[in-house]
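Just the one chain here, the form predicted on its own, laid out as structure tokens.
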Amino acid sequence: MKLAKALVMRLLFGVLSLVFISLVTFMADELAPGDAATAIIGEKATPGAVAALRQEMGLDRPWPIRYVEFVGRAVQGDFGKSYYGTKEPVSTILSQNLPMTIRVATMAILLAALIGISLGTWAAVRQNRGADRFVLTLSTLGVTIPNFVLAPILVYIFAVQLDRLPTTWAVDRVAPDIYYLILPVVILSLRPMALLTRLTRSSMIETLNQEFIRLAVAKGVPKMRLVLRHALRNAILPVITAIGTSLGFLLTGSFIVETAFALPGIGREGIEAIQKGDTPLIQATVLVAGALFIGINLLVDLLIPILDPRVREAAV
């Protein structure tokens, strides 16, 4: 079947993408000033001590050999140990922080999808009226204003002026977790919410102009049933694809928000690793983020044929 072949090809390209990402991250460390031995032993160490540690760590061997070994360990989930702090295994750090990133990104995309699809549908039904113009204005603002601008504004309003929400995540939390996640989730969701609103609106307008919709109107189908069951059901497919892509970007693009709100996620860990030059943690964060993004897009490719019989029929 063409569909199975297409999915296999997407999986193959996904694997090749991960290999490319791993090569880029490895070469970035290889070309950067200094190396792991210098980072571990310190810049004030004697050249002889640095050379001895480099030999012990195998850094004196050619980079292609070390790259193959790096990929082999990464496939097994072994990214080495962090250079700083307790120097615990990077896989342990990821297992402790990845759930928060997934949690926040999932909540953000669900909020974005719920409000974005609702507003987009409402705007399409009220096309060229006041409600439509209002929704378009809001969605334009949501697309153009970046997260690092929205974050301090919302924090100032709801955390500083109104004193209703906490500014950062706390270890000794005195309220349910959701209370600390409201601002990060809302800030993360605004841009995909705006994109989904505009996409839903355009897809719904196109669908509402189709012949089968006119036929349903002629048959006297109730308006609510016409919009939700007939129009939205056929217009939702490109929106689902956009939801999958947006979720991938949220998982990989939450670094700023996690850092701003001190959330224990891989985004904050990645930023701190870059600031300290913790190469194993940087490489692991990039690879895991890339794998999540590729996996989500592959899942969307699997869902589309299931949801749309026309895709299955065209691929058979």
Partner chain sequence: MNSPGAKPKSRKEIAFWFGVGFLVLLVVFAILGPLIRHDPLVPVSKPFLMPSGLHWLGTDEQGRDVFARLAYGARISLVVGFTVQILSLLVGVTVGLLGVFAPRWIGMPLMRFADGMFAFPDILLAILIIGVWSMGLVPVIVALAITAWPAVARLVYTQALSLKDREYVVASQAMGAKTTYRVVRHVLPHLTGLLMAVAMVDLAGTILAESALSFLGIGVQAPQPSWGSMINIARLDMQSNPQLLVWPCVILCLTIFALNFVGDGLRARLDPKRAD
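Numbering follows the first chain given and starts at 1. Since we're looking at a predicted model, the values are computed, not measured.
The discussion below concerns the form predicted together with its partner chain, not included here.
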With the partner omitted here, the residue among 76, 128, 95, 86 that in the predicted bound form has a heavy atom within 4.5 Å of its partner chain is 128
If we test each of 71, 141, 102, 237 for a heavy atom within 4.5 Å of its partner chain in the predicted bound form, the one that passes is 141
Note: its partner chain not shown here; in the predicted bound form, the stretch from 114-122, 154-162, 170-178, 77-85 having heavy atoms within 4.5 Å of it is 154-162
Residue-level question: is residue 24 within 4.5 Å of its partner chain in the predicted bound form, judged on heavy atoms? yes
>> Since only the chain is shown here, I'm wondering whether residue 198 would be in contact with its partner chain in the predicted bound form (any heavy atom pair within 4.5 Å).
In response: yes
**OP:** Indicate whether residue 33 is a 4.5 Å heavy atom neighbour of its partner chain in the predicted bound form.
**Re:** yes
Can you tell me if residue 59 lies within 4.5 angstroms of its partner chain in the predicted bound form, counting non-hydrogen atoms only?
no
